[in-house]
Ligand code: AHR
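Here's a solo chain for you in structure tokens, the form predicted on its own.
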């Protein structure tokens, strides 16, 4: 009996010791193995006339923090600080029933409409001119999604004229009459939203959408041949999603510059490791779509590229329409958002635009509660990437332990991207440790040049995965430290369930 108890005790001690040990990994950085140039447009966001995103979010003229145009100064400032480069508007599902002429001219004359997408009443107090004002104040480029649901070809063409033409034409003169004589020069235009989805107003088959979008694209580019067009790719990943994308690409290849993809993630069954593998599906979608793009370009011997615009992505599974999609984010969601951004960087050769959905209150990185703006947990990974990850995306060598979860097999515990900024000679290494409770001790080597003697570490982490931020307390935010490095390489232990960005110069 005594020997049995001793054996049990030794087993428990050994088990405890093993559980406390760090896992091991290796990362190697080679500046010559470049994936592609990082387009700043991948650090975009999205605003839709939904819940409190526009009204009570970016626009709240009755707030004590509103500026002379009715926009919340704190939201404008937080948008600038976030590093957002472009913002998509006015939807989303809302776009498929939105008639832009309702939202111009004197506010007292604008009609109120029932929004059939979300069931609200649309006041039209924020329309084209107001959104352009917000974009200018927030230092973001506007990206306008036209109504190809209940809208017409003329409506799309006229919107381009209103925004981009010099005075002397009917709609540009109307813009001047409304107080804005100078063109807005809106470069990016979406040809409808999620038109493959049966939930969409004006939902069509792939063939019918492609034919309709083709005529809209022709008219829009004839109005302004400098604009870039984004076709509505599949957001409804059923058995036929690749057929939809192939039809759209085949029909519109000469007229579009991007194909739109959407993806939302959720931890519905409370399985941490399955949730941590969910962006592998996103990576597969990107690879397959890139293959279709290359197939169509080869077929038509195209020199002009077609890129992917991942213009809706986020974690979204708790808050439904009844809660106006006011999702509250925790530490676990930080990891998924960081993995989305890692994925986009690993495919920087083809993913040239991305938009987190949405900017404020509605599945958003910032919230307004009782008049006070506060930052959600997912604000911080997007901010770190947007402010720092510029230049060339690198193909990163990674060796680490793996796990299986559901349909996902051999998932590395680390999710990694790396970036080289040629101007500053800095390398950024972005690492998500998916492991629930173990740190991972990682050797980091340069295959091209020597590391500087010190590196800056930005870490987003919290004690518990369920930790959230509130208006009163920021439990989850970026923490910055400095570490010493060796010229040939250095070792860093990435904490359990963390996102870490390491900035280090090359000599």
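Positions refer to the first chain, counted from 1. What you see is a predicted model; the values in this text were computed from it and never measured.
Not on display, but discussed next: the form predicted in complex with this ligand.
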property: Residues 398, 420 and 504 all lining this ligand in the model of the complex, heavy atom within 4.5 Å; result: no
property: The unique member of 316, 188, 212, 184 whose heavy atoms fall within 4.5 Å of this ligand in the model of the complex; result: 316
property: Partner-contacting position among 194, 327, 333, 122 - heavy atom within 4.5 Å of this ligand in the model of the complex; result: 194
property: Segment that reaches this ligand in the model of the complex - one of 28-36, 437-445, 473-481, 44-52, heavy atoms within 4.5 Å; result: 44-52
property: This ligand contact in the model of the complex: residue 92, any heavy atom under 4.5 Å; result: yes
property: Residue contact check: residue 358 to this ligand in the model of the complex, 4.5 Å heavy atom; result: yes
property: Close approach of residue 363 to this ligand in the model of the complex, 4.5 Å, heavy atom; result: yes
property: Partner contact for residue 153 in the model of the complex: this ligand, 4.5 angstroms, heavy atom; result: no
property: Sequence-ordered residues of 110-125 touching this ligand in the model of the complex, heavy atom within 4.5 Å; result: 118
